[in-house]
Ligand SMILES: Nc1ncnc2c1ncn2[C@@H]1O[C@H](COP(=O)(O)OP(=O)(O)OP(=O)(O)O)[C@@H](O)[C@H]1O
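Here's a solo chain for you in structure tokens, the form predicted alone.
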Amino acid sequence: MNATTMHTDTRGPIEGLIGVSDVMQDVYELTRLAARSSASVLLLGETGTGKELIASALHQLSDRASGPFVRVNCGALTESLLDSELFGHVKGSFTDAIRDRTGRFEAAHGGTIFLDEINSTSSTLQVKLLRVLQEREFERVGDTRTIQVDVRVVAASNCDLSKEVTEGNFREDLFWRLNVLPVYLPPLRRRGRDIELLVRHFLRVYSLANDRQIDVIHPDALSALLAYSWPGNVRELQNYIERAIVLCQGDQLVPELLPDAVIGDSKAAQTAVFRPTDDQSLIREFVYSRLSKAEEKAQDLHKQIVEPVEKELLQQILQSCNQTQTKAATRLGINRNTLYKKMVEYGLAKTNGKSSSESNS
């Protein structure tokens, strides 16, 4: 879609995005309006709601579309690595700096830079980001030469940044610089009929990728998909449909191909703690759900393989959430009591420094 069309029609689907619900129509309108300007945009919403797709759409609909679109996941790197990744470095500035390196801001000159998980940046980096937003300049790590850049900044956060400001975890001045044009992406559970559209889209995509022909959805499977709360949002739906295509031996999507939590097996839903947030956890959840239905002789395999994996993943989630049970439970898509039972089961209940009566935070 070109700039001329953008000025005459702000609602309606955007190429590459799927959804016709009212809440998504609002997102489309805000995206088109924001794309007209060079102001910073802050994308807010739960994990898996498609913030990177909107960031890309903002770039493609703007007059910077011919320039670069650079993505940076701020939560995936340590502070020192992220500093070098964003701003570059000069040879010899630290031990592994064997040559000069161009940073992402410099690489995005004339285009757009997308800073995902901006809430995970340190206070030191927040100061540098504020300067780039205000002055459009920075220095590479270990250098004194100032570099000028013309970059449109789109940032994203899956947590409430205003709350982070109140708690002293995020700079207020940087928040206001980023929050010029906020766009909230609704969770999948609020998108109504978009769920069926997305299911059919992913069926086509993964049927083609796996040389299959599965384009029929069993009514019971569709009902279950529509009733599910989708804590992992579109990303979770995508993973489940891909897995169903791989496992399908017929020509339609039937309930048996969906996880127990989706089709309403309450017992399995209580024991299957982990949601598929990446390929590894998807495999682990699949193994776990299959073992729950296996014969008694498979229990030794469960203890040898699944329990160590589940314990290790639980430790990692707790650590990433600073040992806060409420946050960890939310990330896993379970209630806190279920999380605590798992912690007791694996001997982790005393390592987080909080009791089972921990209050929400």
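Values in this document were obtained by computation on a predicted structure and should not be read as measured data. From 1 onward, residues are counted along the sequence shown.
Although not depicted, the form predicted together with the ligand is the subject of the following passage.
- Only one of 238, 179, 126, 119 lies close to the ligand in the predicted bound form, with a heavy atom inside 4.5 Å, and it is 238.
- Among the residues 86, 161, 234, 153, the one placing a heavy atom within 4.5 Å of the ligand in the predicted bound form is 234.
- Shown alone here, residue 318 lies farther than 4.5 Å from the ligand in the predicted bound form, counting heavy atoms only.
- The closest non-hydrogen atom of residue 140 lies beyond 4.5 Å of the ligand in the predicted bound form.
- Residue contact check for residue 13: none of its heavy atoms lie within 4.5 Å of the ligand in the predicted bound form.
- The shortest heavy atom separation between residue 198 and the ligand in the predicted bound form is within 4.5 Å.
- Residues of just one listed stretch (308 to 316, 34 to 42, 323 to 331, 51 to 59) have heavy atoms within 4.5 Å of the ligand in the predicted bound form: 51 to 59.
- Three-residue candidate spot 18, 46 and 202; every residue lies within 4.5 angstroms of the ligand in the predicted bound form by at least one non-hydrogen atom.
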